[in-house]
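Next comes just one chain, in structure tokens: the form predicted alone.
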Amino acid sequence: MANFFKKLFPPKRSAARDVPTVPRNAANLPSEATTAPLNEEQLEEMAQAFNRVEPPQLVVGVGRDQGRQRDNNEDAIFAQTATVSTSKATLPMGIFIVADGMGGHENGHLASDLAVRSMSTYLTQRLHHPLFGIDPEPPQDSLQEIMRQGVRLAHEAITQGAPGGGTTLTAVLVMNTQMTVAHVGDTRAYAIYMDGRVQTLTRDHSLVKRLEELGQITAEEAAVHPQKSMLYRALGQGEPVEADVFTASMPEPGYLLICSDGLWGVVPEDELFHIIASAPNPHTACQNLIEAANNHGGPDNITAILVRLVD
């Protein structure tokens, strides 16, 4: 990422007269035009060139529903995309956040709202002006440290503005083909690959998941355990707050899915993949995911963000 920032924001230099350059491969150009049949490989390359999107960009769908068995919605969501394209490089960028207020805790819905607002405000202030302002320059801190600080501020906002409240938080910052993830609780981030793989990127901070990791129960038993939603780590609950923060590559070709347990805990992974792969766009896929969760009984609030990098 540091090398990419150098390309995007090269050192300032004094103006100089443009020097004509020789086109790439000019030395290899034939002296006379010739014609020849195109082979299958060349035809495929041409087809890909015609289908190429310029500049590369993030296409996003969102979905949010109360579900069929809840009286209110304690999930909160934020999704924002931007693109900067210069003569040196192109940067698709996105901030995506899902928070699930803890049911049974006082101010759960307010906690998720404060978490999303605080995190999104901080990331926007730290990143949008430096990257997209009049005089852009790369951020001074690492992206992982920026994400950690955003989680800390969200935690403080909850303890001050919604005492007793708690929430999960999964936030993903996408820059070009790289994503930085900050995670607390049991909302999840998935990498969905078009070859059928559904990879869970985050680790649930739940007691039942911990029992599964220790080998005391099976994955099948964990899926139906009556205490599967009981968390040992959440924003607004306990000190200090510890977030899992890591960096990974965007699935290509594929999708990033961020969702609450009202989706992943209800709809099987093979069905998640089928719905996403068969939808014409991320927005329709999210609406179909919501419908599927409700068809499975809709026992909880349902939230999903689906992101695809198109290039």
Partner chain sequence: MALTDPITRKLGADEPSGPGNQLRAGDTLMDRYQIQEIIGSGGMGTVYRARDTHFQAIRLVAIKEMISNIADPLVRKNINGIYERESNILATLRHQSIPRIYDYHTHNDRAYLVMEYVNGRDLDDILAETTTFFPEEQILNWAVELCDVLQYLHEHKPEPIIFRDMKPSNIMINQQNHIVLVDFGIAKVFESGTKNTMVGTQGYSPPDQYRGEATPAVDLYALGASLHHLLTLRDPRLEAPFSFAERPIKDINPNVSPEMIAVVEKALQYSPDDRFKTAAEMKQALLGVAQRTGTLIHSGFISQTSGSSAPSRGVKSLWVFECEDEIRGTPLFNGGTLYVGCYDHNLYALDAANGEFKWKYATDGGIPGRPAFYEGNIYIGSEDQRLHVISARSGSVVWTYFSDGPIRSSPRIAEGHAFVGSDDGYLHAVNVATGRASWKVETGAAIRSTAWVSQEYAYFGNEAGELLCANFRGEVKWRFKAKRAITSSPIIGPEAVYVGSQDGTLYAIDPNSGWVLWRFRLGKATISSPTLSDNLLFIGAADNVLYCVDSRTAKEVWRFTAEHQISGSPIVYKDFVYCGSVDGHLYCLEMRTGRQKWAFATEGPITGSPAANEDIIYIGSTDKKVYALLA
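Residue numbers count along the first chain shown, from 1. None of these values were measured; they are calculated from a predicted model.
Another form, the form predicted together with its partner chain, is not on view; read the next lines as being about it.
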is_contact(Val245, its partner chain) in the predicted bound form, heavy atom dist at most 4.5 Å: yes
Partner contact for Arg152 in the predicted bound form: its partner chain, 4.5 angstroms, heavy atom: no
Gly196: touches its partner chain in the predicted bound form, heavy atom cutoff 4.5 angstroms: no
Distance check, Gln69 to its partner chain in the predicted bound form, heavy atom within 4.5 Å: no
Per-stretch contact check against its partner chain in the predicted bound form, the hit in 78-86, 169-177, 112-120, 94-102 (non-hydrogen atom, 4.5 angstroms): 169-177
Selected contact from Ala157, Val208, Leu143, Ile192, since only one has a non-hydrogen atom within 4.5 angstroms of its partner chain in the predicted bound form: Leu143
